[in-house]
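To begin, one chain is listed below as structure tokens, in the form predicted on its own.
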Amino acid sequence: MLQIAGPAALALASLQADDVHFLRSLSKAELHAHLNGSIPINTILELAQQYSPSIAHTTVEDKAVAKTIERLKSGVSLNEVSDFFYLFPAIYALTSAPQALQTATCAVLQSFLNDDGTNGPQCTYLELRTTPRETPHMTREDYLETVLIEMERYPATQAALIVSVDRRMSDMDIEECVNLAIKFKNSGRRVVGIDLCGDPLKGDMQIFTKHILRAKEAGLGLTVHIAETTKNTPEESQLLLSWRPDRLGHATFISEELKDEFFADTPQQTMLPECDTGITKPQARASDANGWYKPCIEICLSSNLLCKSVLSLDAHHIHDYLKNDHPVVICTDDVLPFRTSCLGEYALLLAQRPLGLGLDRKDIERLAKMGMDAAFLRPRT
């Protein structure tokens, strides 16, 4: 059973039993969950016990990872968000071989999609995202194959994979990841989209454009982490939006001018020109037949609160999108550090202020449907 803490736990505890039953009964889509940030802590501890490095720890980074893994083996108290983030280099080491990655992927899928006998599955449909890593034990293709084998144990109506490309990648690495995503999709495997992720202040976004648009031409959905910090410029946001992503991750600090484009009553092209590639692309689901561009916003309430990119629920940017009836999907981001769940995030919608947003059931039903409608699994039109 997933244990949650923090804002989501407080919101959930404030609800009546029939409220919790209502939230559990909703068909919910989880569309912004990172594989390595969603591994249950018990699985991480299990992998740590089995871990035996094949090479000497020579660098400072190697030694730090080895020390963290030894701490995990001996038992460690994890209470604050900061306690979890130092684990990520160790998690990458622990999942650097196919068998360990398979174990981790299986555990993540089970935590979201399996009925534990008391609470039911977290969500109805999951689009799990991960960046394919090359390690001494596997290629990037091996990495994706390992994840897909576990994912395809579930019906296509329950689980699919988004391939992430990291902002710090070289042109060659981006090309390889996109090529693999297209290859797996074209061979009928469960790859449905591309994600841009990583340190929001790193990388030259211009070098991604040709690769991203090639992925879209191949029929893959597109989601991008965008405007995650105040240091991300409107010019960068305009470039990312020119790719016409179907969904936007976080979008915490999107400028008011760009929001006005989303919320406009008539189609506008002045701020958001589409990249001119000279090729005919399938129309993105984010654009309707009249030309309005309405990318779905992937909202991660606990993540924003605990990372302090948003000071309170009252100040959260979700209010702008709700007020303008703009599509959003409620997501967890990384359940490991943020100690949340799909149910916990929906509890933050229903709980009365200040513990939640105090939305009524009808509005929450509408939000859940928005999320299901934003899934890349749906046929592109």
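The structure presented is a predicted model; accordingly, all values stated were derived computationally and were not measured. For every residue, the number given is its place in the sequence shown, counted from 1.
Another form exists, predicted in complex with a small molecule; not displayed. Remarks below refer to it.
- Checking 347 to 355, 317 to 325, 31 to 39, 66 to 74 against the small molecule in the model of the complex, the stretch whose residues place heavy atoms within 4.5 Å of it is 31 to 39.
- 225 is the sole member of 185, 225, 244, 216 with a non-hydrogen atom lying within 4.5 angstroms of the small molecule in the model of the complex.
- In terms of contact with the small molecule in the model of the complex, the residue from 212, 177, 197, 191 that brings a heavy atom within 4.5 Å is 197.
- At a distance threshold of 4.5 angstroms between non-hydrogen atoms, residue 84 is in contact with the small molecule in the model of the complex.
- Taking non-hydrogen atoms only, residue 130 approaches the small molecule to within 4.5 angstroms in the model of the complex.
- The small molecule in the model of the complex is not approached by residue 253, whose heavy atoms all lie more than 4.5 angstroms from it.
- Heavy atoms of residue 142 never reach within 4.5 Å of the small molecule in the model of the complex, leaving it off the interface.
- Compared with the form shown here, the C-alpha atoms of residue 309 and residue 84 sit at least 3 Å closer together in the model of the complex.
- If you compare C-alpha positions, residue 87 and residue 46 are 3 angstroms or more farther apart in the model of the complex than in the form on display.
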